[in-house]
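Just the one chain here, the form predicted on its own, laid out as structure tokens.
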């Protein structure tokens, strides 16, 4: 398994994974914008024998990072591959001189919440009805040492 930068050629597979995983997936155009135009955006894929099994992204703004995605294809979930993504992400943000990492997650996404807590993220506050339909988002934060 390798972690590498996401490229435009990855987007067909990324969009399929997005649609499989999320109620409100990012579209191809959103990823194209992130890759081509957003100078604050960093996107990476986890690849195994030429197959994308996961991906993550973050925005670096000054010395803070907002994680935008941590995603593993459904058929590869349960094998702790998200640990590879989180470790790679935290290593990269530290090398970039980041001081704080933030992220937001659905209140009922217990797998993700447990992953973030494992890596030292602390709950900061709840965004009421963030996703609509009475679905709250929880903001987590972690100081980078």
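Numbering follows the first chain given and starts at 1. Note that the coordinates shown come from a computational prediction; the quantities given were computed from them, not determined experimentally.
What comes next is about the form predicted in complex with a small molecule, which is not displayed.
Visitor: Judged by heavy atoms and a 4.5 Å cut-off, are 70, 79 and 109 together in contact with the small molecule in the predicted complex?
Guide: Each of the three qualifies.
Visitor: Sort through 58-66, 87-95, 35-43, 101-109 and report the only stretch with a non-hydrogen atom within 4.5 Å of the small molecule in the predicted complex.
Guide: This holds for exactly one stretch, 101-109.
Visitor: Does residue 83 make contact with the small molecule in the predicted complex, using a 4.5 Å heavy atom cut-off?
Guide: Heavy-atom contact with the small molecule at 4.5 Å: present for residue 83.
Visitor: So in the predicted complex, does any heavy atom of residue 27 sit within 4.5 Å of the small molecule?
Guide: No - in the predicted complex, heavy atoms of residue 27 and the small molecule never come within 4.5 Å of each other.
Visitor: Do residue 125 and the small molecule come within 4.5 Å of each other in the predicted complex, heavy atoms counted?
Guide: Looking in the predicted complex, residue contacts with the small molecule do not include residue 125, since no heavy atom lies within 4.5 Å.
Visitor: Residue-level contact is defined here as any heavy atom of the residue lying within 4.5 Å of the small molecule in the predicted complex; does residue 13 satisfy this criterion?
Guide: Residue 13: no, not in contact with the small molecule in the predicted complex.
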